[in-house]
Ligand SMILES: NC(=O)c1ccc[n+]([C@@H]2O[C@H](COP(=O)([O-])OP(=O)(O)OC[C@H]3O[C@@H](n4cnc5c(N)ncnc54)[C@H](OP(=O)(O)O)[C@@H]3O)[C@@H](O)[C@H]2O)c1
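What follows is a single chain, given as structure tokens, in the form predicted alone.
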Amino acid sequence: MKGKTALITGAAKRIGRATALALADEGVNIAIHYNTSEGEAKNLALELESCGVKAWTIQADFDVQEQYETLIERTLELTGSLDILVNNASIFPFEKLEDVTLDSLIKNMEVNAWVPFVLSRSFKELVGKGKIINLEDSRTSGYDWSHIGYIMSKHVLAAFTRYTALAYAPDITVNAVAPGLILPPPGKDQSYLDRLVGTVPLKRHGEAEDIAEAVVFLAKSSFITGEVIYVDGGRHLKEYSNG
């Protein structure tokens, strides 16, 4: 993949950052999308450039339609080419079933499902060939009673993954990675993970690098499309199926 270029949404931190570093290790140039994490994005760009690849930062607020609808076009203006799209950015608001509102559901749907679809459609129209990898969630195999709008939006993203995999073949492959217990949510610490490792068949939590490795695998593959790789230590087989 040396010399190819990837756009990673939400690349400045957490799983996005690990994915950027993993793809850079393969010689891939990285366009780092961020919303408010400008400092982290610029620091990551310097780190990637020290690895011998090109790196750019590009801002877009996924609450603003004009900004995300033009993101692929603006990225191409910066990079000159694009081969891989990783739809990683998402929001993860705490929300129980009794708290869901139409506005909160729309907000989750826009950022977590609609924006990845819009970017994928723009990738198809403006690039026409390459790889799209979506970040889903292994909890779509069962239930998460504390993040209802988020999980509903990830169900829609899973449907978009299947639709676009068929519609964009044979020139574009579309796949997904579904993380499990990897990082504590913003505002939580290591104890959050330690408390839940017993629910994982492998009896441990994963690392952001585990997700990045799966993304790299799908970016390299030329004969996989419409697939979801669960990177969750088998948790979706156990707890989620029981609700």
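The structure displayed is predicted, hence computed values, not measured ones. Don't overthink the numbering: it's just position in the shown sequence, from 1.
Keep in mind the form predicted together with the ligand is missing from the figure; the text below concerns it.
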Any non-hydrogen atom of Lys154 within 4.5 angstroms of the ligand in the model of the complex: yes
Close approach of Thr36 to the ligand in the model of the complex, 4.5 Å, heavy atom: yes
Contact flag, Ile172 vs the ligand in the model of the complex, heavy atom cut 4.5 Å: no
Leu181: touches the ligand in the model of the complex, heavy atom cutoff 4.5 angstroms: yes
Candidate stretches 194-202, 54-62, 23-31, 213-221 - the one whose heavy atoms come within 4.5 Å of the ligand in the model of the complex: 54-62
Selected contact from Ala89, Ile148, Leu82, Ile133, since only one has a non-hydrogen atom within 4.5 angstroms of the ligand in the model of the complex: Ala89
